[in-house]
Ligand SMILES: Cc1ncc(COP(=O)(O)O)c(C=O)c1O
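Below, in C-alpha cells: the form predicted alone, a single chain.
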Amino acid sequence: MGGLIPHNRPLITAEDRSAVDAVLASGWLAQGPAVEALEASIVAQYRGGGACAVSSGTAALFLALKALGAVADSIVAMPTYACSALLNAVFMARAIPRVLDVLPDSFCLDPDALKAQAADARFVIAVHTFGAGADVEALQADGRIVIEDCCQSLGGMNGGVPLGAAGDAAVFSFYATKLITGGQGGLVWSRTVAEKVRDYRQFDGRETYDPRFNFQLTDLQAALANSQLKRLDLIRARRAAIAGAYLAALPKGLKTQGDPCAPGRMAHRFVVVAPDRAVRDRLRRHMQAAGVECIVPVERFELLHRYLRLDAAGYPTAEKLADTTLSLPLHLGLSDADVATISDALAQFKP
C-alpha cells in the first residue's frame, strides 16, 4: 500500500484548472470579475439577497457581526464544540463570547442551554456542525439576531430551503478542507446587510475615510471556488454515496452524528461516535493499520470553553464528544477503491 488514504484531499478537475487559467490569461488577478461571478452564483442559489466574498470564513463572520450591529460588550452566544475562528471573530468585533454546550445527536448549539445560560445574548452563531442543521428557529426566539455558520454545510437543505436562508446572515468558508475551496476565502450572504459588508471590504479609493481593512478575495481564488460551486449537486450526491457505504459497514456498538444520509444533508464529515475513549482510540489505530487516516474532529483542548478556561463540568456533552468521536475520510478525492478499503476496514472492527 502506497501510504495512508488521507482524511482530507481536495479534488481539482480539468474544469477547475481551466477556470484558473482563464483568470491568469486575463491579466486581472486581484478582486474583479471572477469575485463578482462567485457572488452572483451564491445569490442565485439563495434566490435573492446579496453576497460579498472576502478573504476567509473568519473575516466573513467578523464582518457579518459588524454589519448586523455587534459592538463592544455585545453578547454573542455560540457552541463550545466549534472552531476557534468563532472566538477570534467575536473578539475582533470587541464583543463578548458566551460559549454553550451542544446537543448529543447533531453536535449543534443546544437551544435549552441558550435559554438557561445566555438569555441576555442578542447575537447567536448557529453552526451547522459537519453539515448537520442547527435549530435556527429555536435560536431566533426572543428576537435574537442569528448568523448561520455554513462553513461546513454549503449546499445543505432543510425542507427544500438552503441552510443559511433562515437567519439574519450566513457565512461560508472556502478553505482547503471545506466542501468547495479556493485554497482560502469566505463569503457573507444576507438579505439585509451584504452591502454593509461590502462597504467595509472596499477599503481603498474612498471619498471619505473610515477605518477599514483589506479583506478582499482574489479572482484566482474566486474562479476556483466558483468552478466547484457549479457542481454542488454532484458533490452532495457523491458525499452521500460515500457516507451510505460507511453507514452500511458500521459495526454494532458504534453510532454516527445523526443521519449523515438524511435527505438534503450535505455530509461534510462522517463522524463515528464510540461508547468511550478507549474504543475510539482503538478504532483509530485499527483504521491506521488498514491504511486509513482518521482524525479526532474536535480535540478536548480545542473546545472553546477550555480555551477560555471555563469549568469543563458545565459542558458535559461537548466533553464526551471530544473523547468519543472519530472522523473518517469523506471527500471527492476518494476513489471507489478507497471507499471500499475504508468500508471494509470499518466493518472488520470489533467494538
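Note that the structure is predicted; figures quoted are calculated from it, not measured. Don't overthink the numbering: it's just position in the shown sequence, from 1.
Below: the form predicted together with the ligand, not depicted.
Only one of the listed residues (A95, C83, A121, A113) places a non-hydrogen atom within 4.5 angstroms of the ligand in the predicted complex, and that residue is C83. Here is the short version: of A77, V102, V90, V127, the single residue with a heavy atom within 4.5 Å of the ligand in the predicted complex is V127. The stretch that touches the ligand in the predicted complex, counting heavy atoms within 4.5 Å, is 171-179, out of 197-205, 250-258, 171-179, 137-145. Here the marked residues G131, P297 and S327 all miss the ligand in the predicted complex; none has a heavy atom within 4.5 angstroms. In the predicted complex, Q228 stays away from the ligand, with no heavy atom inside 4.5 Å. Residue contact check for G164: none of its heavy atoms lie within 4.5 Å of the ligand in the predicted complex.
Using a 4.5 angstroms limit between non-hydrogen atoms, C151 touches the ligand in the predicted complex. Contact between L61 and the ligand in the predicted complex is found at the 4.5 Å heavy atom cutoff. In the predicted complex, S56, G57, T58 are the residues of 37-59 with at least one heavy atom within 4.5 Å of the ligand, listed from first to last.
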